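The chain below stands alone and is given as structure tokens, in the form predicted alone.
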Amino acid sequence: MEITELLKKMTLRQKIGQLTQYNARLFLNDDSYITGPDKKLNLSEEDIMLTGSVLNFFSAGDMKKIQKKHLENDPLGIPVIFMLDVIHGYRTIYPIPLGLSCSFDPELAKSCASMAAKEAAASGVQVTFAPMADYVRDARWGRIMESGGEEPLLSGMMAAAQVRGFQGEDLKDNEKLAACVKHFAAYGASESGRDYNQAECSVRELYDYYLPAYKAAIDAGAKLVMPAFQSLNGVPATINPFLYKVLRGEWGFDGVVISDYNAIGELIKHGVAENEKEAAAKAFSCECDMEMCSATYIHYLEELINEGVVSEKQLDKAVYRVLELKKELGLFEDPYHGADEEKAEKLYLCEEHRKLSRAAAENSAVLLKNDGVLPFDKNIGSVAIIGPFADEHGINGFWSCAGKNEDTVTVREGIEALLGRGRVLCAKGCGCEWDDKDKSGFDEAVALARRADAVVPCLGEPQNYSGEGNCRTDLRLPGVQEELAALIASANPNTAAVIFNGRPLVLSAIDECIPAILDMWFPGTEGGNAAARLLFGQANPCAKLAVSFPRSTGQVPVYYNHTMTARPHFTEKPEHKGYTSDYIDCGNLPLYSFGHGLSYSRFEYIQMTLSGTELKEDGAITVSVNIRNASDIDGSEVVCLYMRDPVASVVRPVQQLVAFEKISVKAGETAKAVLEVTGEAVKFTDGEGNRIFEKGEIVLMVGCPGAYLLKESIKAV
């Protein structure tokens, strides 16, 4: 299909239709645009038939029905393109992105995205609104669960891996999806951790922290970009000239830019457009190609072209991008892109996909604390599983697409499958809603804890307490879970808590009374089986935190790569010192920092060797680190290389990740991690957005923030 020739045949209205996207319900119910929830869009039947894209459908059958009807009525035979939020699985669900990032395993992220693409493509999806590459520091923000965490390098590598997994080598492969990186840019900087709120960021912060992960995803080949909902430095991202200058100009992105849901229409509520016509003019002039679920383009673009506000040449450029995406997906040859109900049903929850989901959950779970309790002996007499998540199927997490809670393995089911039903006791104990103060189940729970040989309190926040629009001001465990945990631990010290969460929680009270804590995040379909294997030593924890856990909500935002102040006072406990940067009632340091994560293996960092001591701007130094497994348990270790720039022309982070490698080390053996620090990695951005390489000392550190095991200095020359 020659796109330029097709453009010549298209009317102005047909072209504009290609830039619009609406919900599938408008197409599955002939009257819904008149009587349904989308009546406010004021769309005619002709407007609907001109639509270039559809979202929010959940079956190959629905997709085929819509596509077939559309093609029957489209004189040029231009297919609709189908998009959906396939975030962490389609029907077989794997851990939320924040949890998966804790694996420090881009190849695992790639495999998971590839699995999701297979199921989604068979179900009719052609584009996914993923990965989310928003850099985050605020655990109150609901959408932190969709992010890669507080480290730009890690977040970017995980986002890029997802792009490669979703898209593969050829988008015509009917088991692949086009990826849309979002939300450009700095959505994770929303003030007060409140969704859709404004963000204010300096140029230096944008380039050094917030922009790198988006660029990594785009460099990996992402075909679409979605601007963020919020305003950035006073201008909504959808029409922010600075962001488009970076995206289209500096980065050379020439793919499709699609607005977020009704974001163009909401420019009026932002107060930067008087009406829909002005909103359309501003968004289109910035080269926002497609409009999602508002109707300003279909209603006003033709009028704006006739008035000379925008040109048909600009329109052709945007339409070309959309048609080129359809061509890359092979939709002109196969408008259904391999959608197949029978194939989809065979893929859903198949053994191969469940196995990958379980592996992802095991590799994403972070062992936060272990005072000699874990792993439990598999031959133990009895185990009591207690708490609101003991037998809870709702552990897939927000944005679980077509996943169903009833398909998800609970902790009780997982442990029973491993040990047998006869040795497993179970009690809910209490609820997990923020306002649930019912303690009537405490007595039963404590009695079971006393009877059992081991106890597993399963605690957390409901899966709908994180995700879009679900922000919190109190990050403690909701309800009376902390009280239940304390009573259980008093009744039986052989206790290990399992936490389910979509964000870092304040676990200070749990840390004080429970000897072992395993954070499963929201692990997905195989979560219960993964938890059981980890608790009983059939799997060895290996994940590290991609985001810091605060001691108190009042510390937020708290993150490992903060800058030094003139009056630092870093403490874990409340040790107030006058006229220093600290709190009266809480230490400065997080409860668990980025990079923290325990294992059943005991690793010793025994040697750090550099290939040189002088680093040029266009050069690199190789850092080799020998790790010995001084235990009798095979394990994997994420070896992290950090840097610090002690003296610079701007205030630099106290620590910054520059490289990492995950290595497997057999019991009693030694393995080598080979890492690289480049001249590019030590650069920083000045106030004008220029990348600076400054000469001077650079300190390289291996280990975990606050507990570095090996250090060496080099010189940038």
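Computed from a predicted structure; not experimentally measured. For every residue, the number given is its place in the sequence shown, counted from 1.
Separately, the form predicted in complex with beta-D-glucopyranose exists; it is not shown, and the next lines address it.
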query = Looking in the predicted bound form, is beta-D-glucopyranose within 4.5 Å of a heavy atom from each of 58, 119 and 348?
reply = no
Which of 480 to 488, 258 to 266, 72 to 80, 456 to 464 sits within 4.5 Å of beta-D-glucopyranose in the predicted bound form, heavy atom basis = 258 to 266
task = Mark residue 341 yes when one of its heavy atoms lies within 4.5 Å of a heavy atom of beta-D-glucopyranose in the predicted bound form, and no otherwise.
result = no
query = Counting only non-hydrogen atoms and a 4.5 angstroms cut-off, does residue 391 reach beta-D-glucopyranose in the predicted bound form?
reply = no
ask   = Might residue 416 be said to contact beta-D-glucopyranose in the predicted bound form, defining contact as any heavy atom within 4.5 Å?
value = no
task = Indicate whether beta-D-glucopyranose has at least one heavy atom within 4.5 Å of a heavy atom of residue 376 in the predicted bound form.
result = no
request  = Tell me, out of 143, 353, 326, 551, which residue has a non-hydrogen atom within 4.5 angstroms of beta-D-glucopyranose in the predicted bound form.
outcome  = 143
remark   = in the predicted bound form, the residue from 209, 300, 129, 284 with a non-hydrogen atom within 4.5 Å of beta-D-glucopyranose is 129
message = Where, within 279 to 302, is there a heavy atom within 4.5 Å of beta-D-glucopyranose in the predicted bound form? Residue list please.
response = 292
